[in-house]
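Laid out below as structure tokens are two forms of one and the same protein chain, each shown alone and named structure 1 and structure 2.
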Structure 1
Amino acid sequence: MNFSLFLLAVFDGIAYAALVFMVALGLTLIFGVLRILNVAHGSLYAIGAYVTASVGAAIFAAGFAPFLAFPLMLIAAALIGVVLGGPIEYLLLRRIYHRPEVLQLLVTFAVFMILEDVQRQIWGTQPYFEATALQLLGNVQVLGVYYTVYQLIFLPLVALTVLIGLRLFLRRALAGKLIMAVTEDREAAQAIGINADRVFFLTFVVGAALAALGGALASPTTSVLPGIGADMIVLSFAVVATAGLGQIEGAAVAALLIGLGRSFAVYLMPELQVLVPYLIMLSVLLIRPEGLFGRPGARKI
């Protein structure tokens, strides 16, 4: 591998890690608070990508300014978080919090399958692609290698901003402190008057919006087609398991590790690109079953 290919692999890995991190962050946030592994997270990612690509194509064809591509991503993510995430938590998940984990997993998988069919009914099977945001920012030259500003600078900056913003929200804002209190001890939090149901609702909406934002950010860089949600949720589970369930900062490190591993595999061993992220996860879990940043603890009964 020459130096140019090495740089390309690093840049690809960073850009991909930023997207995976956005989805894994919502997944680990939901698990950390609700203690539910939300398989439907992958469909929220896909719907975020579909909505951004289809609505963007329509409004830009109508003559609207190209810079609207960026606020459109945020608006689409927020709407999906509220319109889909809210009802899923309120109408469905709230009924199974105290049920066995297997049932919770099956229910979220059922939601995933339903949303996959909804996508096919609305958008069909033809790929969508809308790259206005990517084209608007242009390219940059780094050590003789040209790369898109959107993937090299914008995506990592958004991921870093979301990470810092979420951490500050959890530590400084009243709503964030309530979420942390319920996470540490739900019974004690309820005993002092905290409404755990509202905390769960807010957490799930935020987590769903993060998944949709990941899809919205990915839409200018790839074709949006059926199956992208399944691919992303499996990879996000690998990131969350590698970092340790419920570890927010750890998810960023794990996403970077897996993103770079996958990227170098593409350039060096393309036939192993699908396998490498899970080999990384397996290697970590064999040494630290609780993940890189997880802490073993006694389970409350």
Structure 2
Amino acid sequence: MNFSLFLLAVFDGIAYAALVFMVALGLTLIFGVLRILNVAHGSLYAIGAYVTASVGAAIFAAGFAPFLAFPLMLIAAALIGVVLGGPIEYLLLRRIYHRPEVLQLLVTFAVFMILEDVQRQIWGTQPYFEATALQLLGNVQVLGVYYTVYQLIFLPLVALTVLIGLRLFLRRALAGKLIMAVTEDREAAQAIGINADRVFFLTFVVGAALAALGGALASPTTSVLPGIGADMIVLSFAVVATAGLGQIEGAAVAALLIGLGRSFAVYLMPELQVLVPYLIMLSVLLIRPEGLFGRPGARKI
């Protein structure tokens, strides 16, 4: 492997990592605050992609300006966060916070199963493809290889912006501080008058919107079709576990690690490509069960 191939592999890894990070971010945020591993996250990702692709196709066919593809993604994500994420938290999860975590996980698993069929009822089985956003930004040539600006530059920039934005929000904004407080110690936070229910609701809506945004951002690069949610959830699950549950910056590092591992596998040993994310996850968990950046849980005495 020469140096230029090495660089190509790095570029591919970063582009891929950016997308995976966006999805894993919502998952880890929800876990950090609600302590729920949300399997339905994969469905929200898929629905985000479906809404963006189908609405995009409709409005561009009607002659609207192509640049609207970008605001459309944000609108779709926010809408899904509120319209779907809200009721899931309010009607289902709220009833089971005091329940064992297996049950919590199974509730999101059930929601996932239901949403899979809902998607098929709404969007059918034929793949959707809507790449206006990607075409708008064009290509860039690096070392004799064409990359799309969208994947090589835009997605990593968005990922970085979201990462920094979320960090600032959690540290500086009032709502963010409340979220941090509830994450640290729920009882203490409630004791000083923080409405934990509202914080949970807000977090879940934001997390769901991030999943949908991940789907929206992915939609120009891929075919949107049944089953994309199930694949994405395991992958982002591996990222989150590798990083340490609830670790936001950690998720960025783990996504990079997995993205690079995957792209180097394609260059060196294509057969190992599928194996890489899980191998990374396993080796990290065996050495540090709480993940790369997780804090070890105190043992109950």
Partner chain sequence: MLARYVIPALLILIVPLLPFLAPWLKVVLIIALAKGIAVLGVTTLLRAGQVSFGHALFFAIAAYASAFLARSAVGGEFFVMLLLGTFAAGLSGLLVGLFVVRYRGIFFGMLNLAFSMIFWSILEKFYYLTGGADGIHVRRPTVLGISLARAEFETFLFYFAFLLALLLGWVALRFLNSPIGHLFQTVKTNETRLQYLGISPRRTLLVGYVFSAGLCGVGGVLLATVQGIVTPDYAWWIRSGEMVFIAVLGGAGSVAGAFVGALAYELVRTYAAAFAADIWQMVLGAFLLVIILFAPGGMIGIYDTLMRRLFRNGGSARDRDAESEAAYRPAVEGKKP
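Start at 1 and count along the sequence of structure 1; that gives the residue numbers used here. What we label the rigid core is the largest C-alpha set whose atoms superpose within 1.5 Å from one form to the other. What you are looking at is a predicted structure, and each value in this text was computed from that prediction instead of being measured.
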Return 1 or 2 according to which structure is the form predicted together with its partner chain. 2
Is Phe11 among the residues whose Cα moves by 2 Å or more between the two structures after superposition of the rigid core? yes
